[in-house]
Structures are given as structure tokens and as C-alpha cells.
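This document opens with one chain alone, in C-alpha cells, the form predicted alone.
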């Protein structure tokens, strides 16, 4: 069972993602992603929206599969900036790992 933090989107703003809740999961970002056959961390964006911090930390390594090519951000119809959400999640995971002696 995952615990949720309804204020996580606000917390993620300090890591560089002010538009986390803008995404409505249309899938445009995943369709344009060059890694669609391998993996696109779209699920991590959903975890961020619902505040499933434990899931994000458990699967944090998945965030580094993103090439940050920017195609998802360029094609997002809501201008939700999914690439920046992924980068903010990376910063969040690194911050958590550093503060919890995770090495």
C-alpha cells in the first residue's frame, strides 16, 4: 500500500516543477518519446500527482532512463512540461537519498 501526500505537488515546486498537476495523461508525451519501446517514465508523473512519494523513491532509478530530449515538453498540449517534472523528480530523489544516508 502506498501512502499519498496531497501536498507533494507543492513540495515538488522547490525542485523545479511548478506544473505537476497540469498533466491530464493524454499520452502525447509517451507517443513522441524515442524510448517508448523501452520505457517512458510517465507513471512517475502520475505518482507525483497523487503524492505517492514512496513509489517514486522505490523506482527512482527509472527516472534516469529519460534522455531529456525535450520532445515530450514540445508536444504537450497542456504545456505541462513533463520533461521538467522528470528533472524535478530526479532532484527530489537525489535530495532524499542524500538526506537519508542512502549510498
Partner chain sequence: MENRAEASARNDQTARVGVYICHCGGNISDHVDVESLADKAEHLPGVAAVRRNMFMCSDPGQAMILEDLQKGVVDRVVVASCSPSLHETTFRRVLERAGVNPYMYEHANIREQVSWVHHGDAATQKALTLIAAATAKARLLQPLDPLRVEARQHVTVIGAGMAGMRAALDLADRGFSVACIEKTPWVGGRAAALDRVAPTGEAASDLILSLARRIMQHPSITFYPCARLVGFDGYVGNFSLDVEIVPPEVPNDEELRRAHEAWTAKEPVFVPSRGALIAPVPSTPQRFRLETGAVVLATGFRPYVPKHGEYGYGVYREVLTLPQFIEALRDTAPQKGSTLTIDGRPIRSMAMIHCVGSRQIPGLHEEGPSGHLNEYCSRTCCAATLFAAAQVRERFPQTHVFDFYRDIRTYGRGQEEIYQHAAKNKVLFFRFEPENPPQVQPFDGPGGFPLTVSVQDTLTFGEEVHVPVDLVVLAVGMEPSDIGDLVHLMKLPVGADRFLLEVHPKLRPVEMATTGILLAGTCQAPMDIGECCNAASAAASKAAVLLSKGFVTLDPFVAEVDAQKCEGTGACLEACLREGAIRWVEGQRNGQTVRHAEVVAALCLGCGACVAVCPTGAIQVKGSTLAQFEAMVEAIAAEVAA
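Positions refer to the first chain, counted from 1. If you're wondering where the values come from, they're calculated on a predicted model, not measured in any experiment.
Beyond what is shown, the protein has a form predicted in complex with the partner chain; the following relates to that form.
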In the predicted bound form, residue 18 touching the partner chain (heavy atom, 4.5 Å)
yes
Hey, in the predicted bound form, is residue 49 touching the partner chain, heavy atoms inside 4.5 Å?
yes
Non-hydrogen atom contact residue 55 with the partner chain in the predicted bound form at 4.5 angstroms:
yes
When the contact criterion is heavy atoms within 4.5 Å, does residue 11 count as touching the partner chain in the predicted bound form?
no
Sequence order please: the residues of 15-29 with a heavy atom within 4.5 Å of the partner chain in the predicted bound form.
18, 21, 22, 24, 25
